[in-house]
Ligand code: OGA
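In structure tokens, the next block holds one chain alone, the form predicted on its own.
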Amino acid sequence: MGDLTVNPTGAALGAFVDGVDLSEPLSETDRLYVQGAFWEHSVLVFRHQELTEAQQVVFSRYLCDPVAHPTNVTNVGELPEICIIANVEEDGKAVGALGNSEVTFHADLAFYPTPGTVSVLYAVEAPNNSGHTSWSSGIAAYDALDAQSKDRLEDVRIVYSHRRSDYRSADPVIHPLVCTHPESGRKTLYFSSNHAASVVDEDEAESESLIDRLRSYTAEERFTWTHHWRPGDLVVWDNRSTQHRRSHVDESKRRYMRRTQAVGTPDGALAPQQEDV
């Protein structure tokens, strides 16, 4: 395994991985170690990386099968798997998605029948005073429930939607709330606060009440951890066991990130592809 080490954040989720250069292929031993750490901690941070788009895609394939982002049309990198997240403009036009606005808690692409599974975000440019990302652990939130609450939520299914009509599917998108993570085998609350619309087979009052309670509960500080970005940070997270949010970005500072994304189902296993550099 060489010098590769995994150092947990001490919070409900997240770990820093040190002693590895992701511009080079991982050995089989290191790949398995990183995979295991990912399933255990849900969020991994690799600092001091210098990566091309191609190298980012190669690394992403150690943990998932990256695809072109389903909603991204104009903010594409040189490679189709790359989505640009930025507040930068060129010739008066935005070169990336999301700009400077705050983004509330969500799981990527929960409003799709095959939502986001693994996301990889690399910071080319990032201010240190804003644009922080926070994650919430669905595993820790499930584990903290009492037995009665676990029974109540076991068969809950939630309808997800997006405020933009062009992002919505023709048929209702429904995902189970309680899922078993396919790699770790641990139960997790799969929930996307930003996209949750209603609860299947509940009247309107109970549906709204349950979603409000889940929004509040899953965002509790005991389940969350916040990362302050630096240029050269690469962060990978598991949407099946986490939600994440982003704080407002300082308009006076440049923020330019590259993202790769895999899709699947909340409780479905991925089959990572291997690729030689």
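Please read these numbers as outputs of a predicted model, since none were measured by experiment. Note that residue numbering begins at 1 and tracks the sequence as displayed.
We do not show the form predicted together with this ligand, though everything after this point is about it.
**Student:** Mind checking whether each of Leu98, His244 and Arg255 has a heavy atom within 4.5 Å of this ligand in the predicted complex?
**Tutor:** Yes: each residue has a heavy atom within 4.5 Å of the partner.
**Student:** Does this ligand get within 4.5 angstroms of any non-hydrogen atom of Leu177 in the predicted complex?
**Tutor:** Looking in the predicted complex, residue contacts with this ligand do not include Leu177, since no heavy atom lies within 4.5 Å.
**Student:** Looking at the partner-bound form in the predicted complex, is Thr133 within 4.5 Å of this ligand by any heavy atom?
**Tutor:** Yes - in the predicted complex, heavy atoms of Thr133 and this ligand come within 4.5 Å of each other.
**Student:** Wondering, does Phe59 line up within 4.5 Å of this ligand in the predicted complex on heavy atoms?
**Tutor:** Flag for Phe59 set to no.
**Student:** Might Leu121 be said to contact this ligand in the predicted complex, defining contact as any heavy atom within 4.5 Å?
**Tutor:** Yes, Leu121 is a contact residue.
**Student:** Tell me, please, which stretch of 217 to 225, 236 to 244, 38 to 46, 22 to 30 lies within 4.5 angstroms of this ligand in the predicted complex when heavy atoms are compared?
**Tutor:** In the other structure, the partner sits against 236 to 244.
**Student:** Find the only residue in Ala126, Val199, Ala110, Ile85 having a heavy atom within 4.5 Å of this ligand in the predicted complex.
**Tutor:** Exactly one residue meets the criterion: Ile85.
**Student:** Only counting heavy atoms and a 4.5 Å limit, does any residue of 134 to 158 reach this ligand in the predicted complex, and if so which ones?
**Tutor:** Nothing in this stretch is in contact.
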